[in-house]
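Shown below, as structure tokens, is a lone chain in the form predicted on its own; questions about how it binds or moves come after it.
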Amino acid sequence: MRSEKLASWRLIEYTTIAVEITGSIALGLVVAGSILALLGYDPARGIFLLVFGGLRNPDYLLSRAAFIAMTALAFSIPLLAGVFNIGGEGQMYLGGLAALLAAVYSGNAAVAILAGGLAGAALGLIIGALKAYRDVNEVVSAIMLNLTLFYVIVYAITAELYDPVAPHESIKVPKGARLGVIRFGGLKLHIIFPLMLALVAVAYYLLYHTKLGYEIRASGFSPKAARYAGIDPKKTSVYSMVIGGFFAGVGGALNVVGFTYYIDNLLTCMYGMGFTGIGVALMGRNNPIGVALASIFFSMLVLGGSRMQMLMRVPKEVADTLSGVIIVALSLPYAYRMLISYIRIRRMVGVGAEQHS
């Protein structure tokens, strides 16, 4: 009986989610099409190019999705513990730099990826510890570190680590330390995408099949209830930031040793992906599997927007706006659920405190 009720509850939940996602996509497409029509463009052609235009280059689409998925995990895992990790951008920068140096000096891709992950984890540890034990707002500290790391790494690439042949680029990752591609006949796929899927599976297992994952989710749901159950929410929040930072650092490492093989002096190969991960995490409902799917969909929108710019001469700002409308439409239902859940928990805690007093 209990298993039947659980199965029925899950069916209702999954059906609700499917309806929400379908309705959100439809609403986003209608609004985006209306904007195109108001600006004098063909809405049907524009929406088709926006959604499907990126499929012309599946390798680049999936490779870009791999980086975004890592920064989305960097946001979603701490958020489950009640921590707002906006530092995925800086963690990715630092992970990319650490991976570059490790690849150059070790000549090993695995060592480079591990170095990138550990660098991102260390930065997550700093932000998480400041939040948990010194009550420093994680958003403020993360933004400050993001900016600091951006300029430090730009200086390092420009002044110390530049390639004499191409001064706007860093020294290159040695060929022996580069992740290659998988070929299927005439098609190719960078190895970073299968690696991303493996890492998503690891994140899912960690969150839903381990004690630490349960503690992270319990602490985010209700810190007071978690503390009553013997869980230390402060320690758990720090762990979540370390794990999130690790994934963002790995994202930077995959970018450097698996795709670009260098860092340019303006960090354009990684710039903005940390913040993009926030929207993708909400689109994916903070679930690693949802994050993987959302990152692919977002990558489709980005590349489709570029295709629309080329073929319809739509300004970049308009293409970005259309993508943003669809992303917001997909993110709002889950954000609304989170807000309602937070308000209910606060009310329950308040009622409990009054009864106890």
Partner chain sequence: MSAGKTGTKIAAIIIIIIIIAAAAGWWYTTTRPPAKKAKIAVLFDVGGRGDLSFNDMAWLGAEKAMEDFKVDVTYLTPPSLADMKPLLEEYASSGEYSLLVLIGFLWTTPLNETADKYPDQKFALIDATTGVVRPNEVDILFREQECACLMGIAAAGMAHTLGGDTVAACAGMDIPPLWKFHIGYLFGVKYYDLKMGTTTNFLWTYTGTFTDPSIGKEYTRGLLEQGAKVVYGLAGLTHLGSFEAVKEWHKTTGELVFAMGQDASQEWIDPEHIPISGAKRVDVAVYTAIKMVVKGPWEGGIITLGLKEEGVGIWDIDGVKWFAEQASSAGRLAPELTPDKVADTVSQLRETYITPEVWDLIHDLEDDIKAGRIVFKTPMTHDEYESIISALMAAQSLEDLNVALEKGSVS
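Residue numbers count along the first chain shown, from 1. Here the structure is a predicted model, which means the values were calculated and not measured.
As for the form predicted together with its partner chain, it is not shown, yet the points below apply to it.
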One residue of I191, C269, V104, L125 in contact with its partner chain, assessed in the predicted bound form (non-hydrogen atom, 4.5 angstroms) = C269
Taking the shortest heavy atom distance, is N57 within 4.5 Å of its partner chain in the predicted bound form?
-> yes
According to a 4.5 angstroms non-hydrogen atom cut-off, is N108 in contact with its partner chain in the predicted bound form?
-> no
Quick one: does N85 come within 4.5 Å of its partner chain in the predicted bound form, counting heavy atoms only?
-> no
Heavy atom of P167 within 4.5 Å of its partner chain in the predicted bound form | yes
Of the candidate stretches 242-250, 116-124, 192-200, 261-269, the one with residues having heavy atoms within 4.5 Å of its partner chain in the predicted bound form is 261-269
For the stretch 279-309, return the residues whose heavy atoms include at least one within 4.5 Å of its partner chain in the predicted bound form, in the order they occur.
-> V302, S306, R307, Q309
